[in-house]
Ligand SMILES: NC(=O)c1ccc[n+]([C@@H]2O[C@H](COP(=O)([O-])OP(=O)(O)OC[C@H]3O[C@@H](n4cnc5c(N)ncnc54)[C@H](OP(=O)(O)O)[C@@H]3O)[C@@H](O)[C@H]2O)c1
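We begin with a single chain expressed as structure tokens, specifically the form predicted alone.
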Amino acid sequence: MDYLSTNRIKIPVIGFGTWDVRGEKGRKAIERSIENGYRLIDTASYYENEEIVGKAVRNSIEKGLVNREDLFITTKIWPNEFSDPETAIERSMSKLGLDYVDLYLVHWPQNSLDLRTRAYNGLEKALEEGITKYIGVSNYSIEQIEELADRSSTPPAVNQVHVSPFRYPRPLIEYCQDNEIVIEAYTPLEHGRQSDNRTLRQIAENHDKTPEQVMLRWSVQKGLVPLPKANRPEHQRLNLDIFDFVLGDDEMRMLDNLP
């Protein structure tokens, strides 16, 4: 697995999203993702699946498929937990059944500035205590990141936001990258919207790839970390098979401006 590195973080260049991945079927899908080569697994307290994520991780380690230090596990604190982040973190870590996570995020910048600051300060404490290696935010605007800078001592290593060729918040991405904040891209495949786009289909044909693979390759070439979700093993493998081709400058520009 390739990694993206800044002065603040070293993170796999592609991850496995687990939104709406639940139950035994979900646990097996997560274990398959690890077996197929994913090393970044993204969950959250809001997803209500931290227990199966933790179980899948532990099972994969016990089977000898991977070492814990080679995995990058992310979870997030939800707005209704902001007033007591210590309890929320303890609850999530208990559900995961892991000694630490690699990345802990504030899930949404909802509620008051004071409350979301309290949540982030709770993550700073978790960082100091070794509960997490890195901390960051999700769905934050430039203004909200700058507000955070005045109220904390640890700059966020990551901002996880909705990004794809169909949803390209260029100013936010440029701001984050200029400030060494890695952008993780959730919903990078837009739930099948790509199948109807003629430009995307043509670029995919040019490279003998699927439109989904082109979208993920666009993300990687932008310096983003996409987090696709895929339950089927063949889709998991296809989503990782994006490192044997390069999109040209003209193709990237066309993808930047998809309708």
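Everything numeric here is computed off the predicted structure, so don't read it as measured data. One rule holds for the numbers: they count along the sequence shown, beginning at 1.
FYI, the form predicted in complex with the named molecule isn't displayed, but the following is about it.
In the predicted bound form, R116 stays away from the named molecule, with no heavy atom inside 4.5 Å. Contact annotation: L227 falls within 4.5 Å of the named molecule in the predicted bound form, judged by heavy atom distances. Under a 4.5 angstroms non-hydrogen atom cutoff, the named molecule in the predicted bound form has S138 among its neighbouring residues. Looking at R201, you'd find every heavy atom of it more than 4.5 angstroms from the named molecule in the predicted bound form. Each of Q160, P188 and H235 places at least one heavy atom within 4.5 Å of the named molecule in the predicted bound form. Segments offered: 128-136, 179-187, 79-87, 92-100. Contacting the named molecule in the predicted bound form at heavy atom distances within 4.5 Å is 179-187. Residues G17, T18, W19 are the ones in 1-20 with at least one heavy atom within 4.5 Å of the named molecule in the predicted bound form, listed in sequence order.
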